[in-house]
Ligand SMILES: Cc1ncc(COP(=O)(O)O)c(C=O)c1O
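Form predicted alone, single chain, as structure tokens, below.
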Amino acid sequence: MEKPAKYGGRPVREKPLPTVDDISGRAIGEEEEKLVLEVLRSGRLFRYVGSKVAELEREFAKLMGVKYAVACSSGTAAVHAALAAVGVSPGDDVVTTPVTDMGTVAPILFQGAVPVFADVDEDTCNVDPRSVERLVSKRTAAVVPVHLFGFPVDMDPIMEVAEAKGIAVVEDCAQAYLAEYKGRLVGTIGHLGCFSLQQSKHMTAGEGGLVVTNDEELAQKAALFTDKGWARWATVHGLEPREYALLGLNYRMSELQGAVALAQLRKLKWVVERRRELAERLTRRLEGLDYVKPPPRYSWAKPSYWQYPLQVDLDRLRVSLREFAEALRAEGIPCSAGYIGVPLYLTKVLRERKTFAKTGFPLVDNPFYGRSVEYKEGLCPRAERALKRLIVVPWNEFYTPDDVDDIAEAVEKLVKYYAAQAR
């Protein structure tokens, strides 16, 4: 049996895999340069004097098959704008998943609302619609399902509950460009869909975000929120007082970001299809391997593979998650152990209710609740279990079939080694 590199053996590969952290794994080139230079040479770097951000909004809406797209400064800003648009306010609850980035939850808190965490489906780590339904109450203003790793949430049951209760659904699609649920693009199923243009996403402008919807009023409110509430169309600039229609923030996208994102958008279909093709190759290699569970195949789901999650039966292999991840890295395969490590409600900011400097509102001193909100271990047991056995491998459109085979070989090598040690 071949000894793992962590214990003195030879690694499966020594050449680094392409990575989204630099040009080796990012489809950035002449198209982006051309559009950025157009902006620079025009001198119009602000979105309301330029044209690139507006063009991005039109083209993204067209690609998604919706009426409206609103560009903003980040995926977090997109979620915040969407929650503000649907009216999330102090005294409200927002039901979401504990297995996500803080960018999903911070906007809930900044709207003065309380995040209510639903448990997850252990096969996908996506929020479980049955758990969502149990947690919906009179306080619930919105549900935020997150399509984790590019795998669609089971949306129909969530929409049924939301429609019956008059609750808004804001889809967090930061990791799920062009993922499909029963033939529908995620982000077009709920009332609004939110996307990220951060460095690691399927398309990037370094930072940036997009909100999509078919509802004109929601689109207008989201746009206002990202521009400090300024109703620019309502006044003759410089001749009349500005009209601020609602309380908003400066979440605007710059023309430089818009130019890069516009060029990236034209490559998006290729990126997603390539990632699907490569992910299918790895799944075929791993689906018969004992002790390891690759992403599931469902007839209703067409994932877009932001990253590739792998569940490992660590108890039977008698190895810790950290040790397995370290061993995989030693084989030349980058990975993370447990994705975010712990469910968000166990992070310091939420567990210790460190929200604002002089108050823990809305988790403490919340007059609408009449009590403090407590987050503690055991709140979402399936989420806690899933994260303790989850290995996440970065995924990239520039992998070759040989790269994918190396990933499979490294996983197989470690499973065989630890299985033999456990006997």
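The first residue of the sequence shown is number 1, and the count goes up from there. This structure is a prediction, so every number in the text was calculated from the model and none was measured.
The form predicted together with the named molecule exists for this protein as well; it is not shown, and the discussion that follows is about that form.
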Touches the named molecule in the predicted bound form: Arg275 (any heavy atom, 4.5 Å)
no
Please run the contact check for Gly103 against the named molecule in the predicted bound form: heavy atoms, 4.5 angstroms, yes or no?
yes
Does Thr283 reach the named molecule in the predicted bound form if we count a contact as any heavy atom within 4.5 Å?
no
Is it the case that Val146, even though its partner is missing from this view, gets within 4.5 Å of the named molecule in the predicted bound form, heavy atoms only?
yes
One residue of Pro115, Pro343, Gly75, Gly193 in contact with the named molecule, assessed in the predicted bound form (non-hydrogen atom, 4.5 angstroms)
Gly75
Using heavy atoms only and a 4.5 Å cut-off, determine which of Gly187, Pro152, Pro98, Gly208 is in contact with the named molecule in the predicted bound form.
Gly208
Which of 155-163, 225-233, 256-264, 174-182 lies within 4.5 Å of the named molecule in the predicted bound form, heavy atoms considered? The stretch 174-182
